[in-house]
Structure formats: C-alpha cells, structure tokens
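Only one chain comes next, encoded as structure tokens, the form predicted alone.
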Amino acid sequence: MDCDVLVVGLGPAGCGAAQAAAAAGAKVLAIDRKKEIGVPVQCGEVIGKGLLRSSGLKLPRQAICSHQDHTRFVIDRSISIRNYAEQWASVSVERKILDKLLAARAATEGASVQADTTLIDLDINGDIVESATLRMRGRDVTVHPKTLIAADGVHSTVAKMTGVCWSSPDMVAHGGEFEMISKRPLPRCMQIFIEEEVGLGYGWIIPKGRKRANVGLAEVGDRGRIRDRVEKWVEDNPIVSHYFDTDCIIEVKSGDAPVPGFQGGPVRGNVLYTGDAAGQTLAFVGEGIVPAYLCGLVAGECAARSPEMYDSVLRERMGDEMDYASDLKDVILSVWQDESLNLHQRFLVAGMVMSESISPESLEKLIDGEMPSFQELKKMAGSSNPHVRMSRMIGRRRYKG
C-alpha cells in the first residue's frame, strides 16, 4: 500500500495534519491505536478563548460543555488572583466528542482514517522511512509513505523508532484528574491552585457544567501515584473539598504532557513531528488542544507540499505565541527553584507570573528588593494588567524565613 502521507496518532495534532494534507491533495492514511478515537481522555479539556479566537478554529457545538469568563489563581491558600483578560476566559470541551469530530473533518477532506491500527515497525534507510508495518484490526499491512507525520503524543512510538528525543524525562508533567459531580453550583471560572501540596506544578478545577468539573493536578517529577495524590488533595484542600467529595467520581483520567518549551517544527529525514510528540504546547499552563491542532495543520500542509519548509512556516505562524509561553515557563521554573525565597514567596511570585499579574521584566526587581506588601503587590498587578484583581484569603498560611 502506498500513500503520500502517513499520520500516526489522531489527537488534535494528527487530525489537523490529516485534514490539511488531504485538503492539499495528498493521499493520506491516518491511524490511531485506540479502538475509539478520543478515548481515554488524557487532558483537562479546556481551551482559552483568546487562543480560540485568534486561531479561527470553530469548535463543533456538540463538543462544548461550558464557558468560563475568567480564571482564578489560588496561591498558597492565601492569595486569590482573578484575571479577566480574554486569554483567561475559556471553554470546556468533551474530548471524546471533539477528537472524533476532528477526525471526521479529516475524513471529509479525503483522508483514510483508521482506528484500532497500531504502528508495529519502521524500515528506515539512513533518516528516511521507506516503509511502515501496521497492525490494522488484527492483520498486518505494509505501507510505503513519502512522508510520515508523528502525532502520537509525548511518549511517541515514532520518536523511539527513529531514535530522537524532543522532550527529556525531566521536562514531562504527570497529570491526573477526576471528573466529579459537585455538591453545589460552581463559579463560572477555571480555578488554578499553586501550593506546596501540589509541588512543582498546579492543581485545577475546570467546570464542565453547573455541577460537573474536572478536578486534578499536574507536576513535573514523580512523587508517587498521581491518582492517590489527587484524591488526597481533593480531600485536604479547603476550597476543593467545599465543592467535591471523593464519593462522586464519574471518570478517572491521567496523562503526561511535555513542557520543554517551543522547539519549532522538528524534522528528521522524511518524518515531521507535531503536537505533544514535538512539545508543541503552551508550556507554562500545559494547554495543548488548539496549539497541537494548529501545528498539525501546518505539518500536514507542509508534508503535502514542502516538508523542508515545516520549521520555518511554523515559526512564522505560531512562533511568537509559543515562544512567549516558553519564556513564561522558564521564569516560573526558575522562581520555583530559587532557594533565596521562602516557600510562600516562591508560590506567590510564580503565581503572579503565571497569572500574568506581573511581567517577567518586573521579576528581577521584585525578587532582588524587599518583598512588597500585599497592597503594593496589588497595585503592581493592577498597573501591569488592568484585568487582574487580587484579594487576600481568610486563614492564610504563615511561613518562616
């Protein structure tokens, strides 16, 4: 079997790649090892509205669960920061539905879409993939693609077979979450928690309706079974436990996400890497659905026409936003690991950067000088971003040092 483009993986990146390559006139075979595309869910299922608007992507109505008008950052259980800027408004989606509909768009453009189809082996000559062996619903098939697109996630099988590594193990965030039914109506906002109990990462409540939400955490590094840690965090965090009990869990989800920072459009021989397989996420918050889809569109278009142009075209279209996210991620990591700050200061400064309450340029002045009072921080946040509102929380922690 011959094809112009073989796409491995049918998440948002692979669906975008298959759609664009087929629309450009290529003969496309797109495969996914899952028996049901989009299952299991491995993400928080939320998209920033600012990114959605700038991308021009129209979400299928049947995939939309809820809309949030702002994001609330809860820092060390002592400070609340609300960002009402458009990029922090969000829409929650049902990935089980969204991924299938994106795959259907690719099929409508003419791509052959095949679930329950696994990549078994690659025949590689130098850096060129000459053939791929697939197990397609129980039978082995050999495919000879002109170009292969690796869209098979952070633990990419294609990357392992081709001997490349775009995300080192210490730059992978491990996430776990429960989809839960709340005891009371949820506020119309996404909530992000930055605190010692979570570690080098963050927790979240992402509404999927008035009384339904994804509740979870993600962290860089390995501190034990992520699902056990999510359960303990849900029970111990006073805000989370105000809304949720662990006896109302309707789905358990887990997944890893790359946080290496933007590396452009990686190419090795006739293989293009996209989505999580190439670290193409907004690294400081781990948002990957729309970035992966848009990067996949570029990968598919270039695979069909000029594979060698992938990196330059992607940097031109996506570079500014992706580089900005990478820079914020680097700043946040440096703050989290700054031993000159006590725990509360680390979480406070990192949270203010993540919430875009202060700019990275203000960071050095903030850290090198005496830590400002809450009122001074509040004034600083308002002058840096008028969409930000800060407030103290009752029962705040106290740390020494």
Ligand SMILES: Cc1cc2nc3c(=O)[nH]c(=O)nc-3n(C[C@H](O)[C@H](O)[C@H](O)COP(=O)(O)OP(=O)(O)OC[C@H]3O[C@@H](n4cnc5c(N)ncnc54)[C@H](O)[C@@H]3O)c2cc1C
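Residue positions are given as counts along the sequence shown, with the first one as 1. Every value quoted in this text rests on a predicted model; they were computed, and no experiment measured them.
A second form of this protein, the form predicted in complex with this ligand, is not displayed here; the remarks below concern that form.
Stretch 39-47 is the answer when you ask which of 371-379, 39-47, 58-66, 340-348 has residues with heavy atoms within 4.5 Å of this ligand in the model of the complex. The three residues Gly153, Thr281 and Ala292 all sit with a heavy atom within 4.5 Å of this ligand in the model of the complex. Looking at Ser241, you'd find every heavy atom of it more than 4.5 angstroms from this ligand in the model of the complex. Taking the partner from elsewhere, Gly288 is found to have a heavy atom lying within 4.5 Å of this ligand in the model of the complex. Within this chain, Thr117 lines the site of this ligand in the model of the complex, having a heavy atom no more than 4.5 Å away. Residue contact with this ligand in the model of the complex: Arg95 places a heavy atom within 4.5 Å of it. Taking a 4.5 Å heavy atom cutoff to this ligand in the model of the complex, the contact residue among Asn270, Thr157, Ser78, Asn83 is Thr157. Residues of 2-24 lying near this ligand in the model of the complex, listed in sequence order, are Val8, Gly9, Leu10, Gly11, Pro12, Ala13, Gly14, the criterion being any heavy atom within 4.5 Å.
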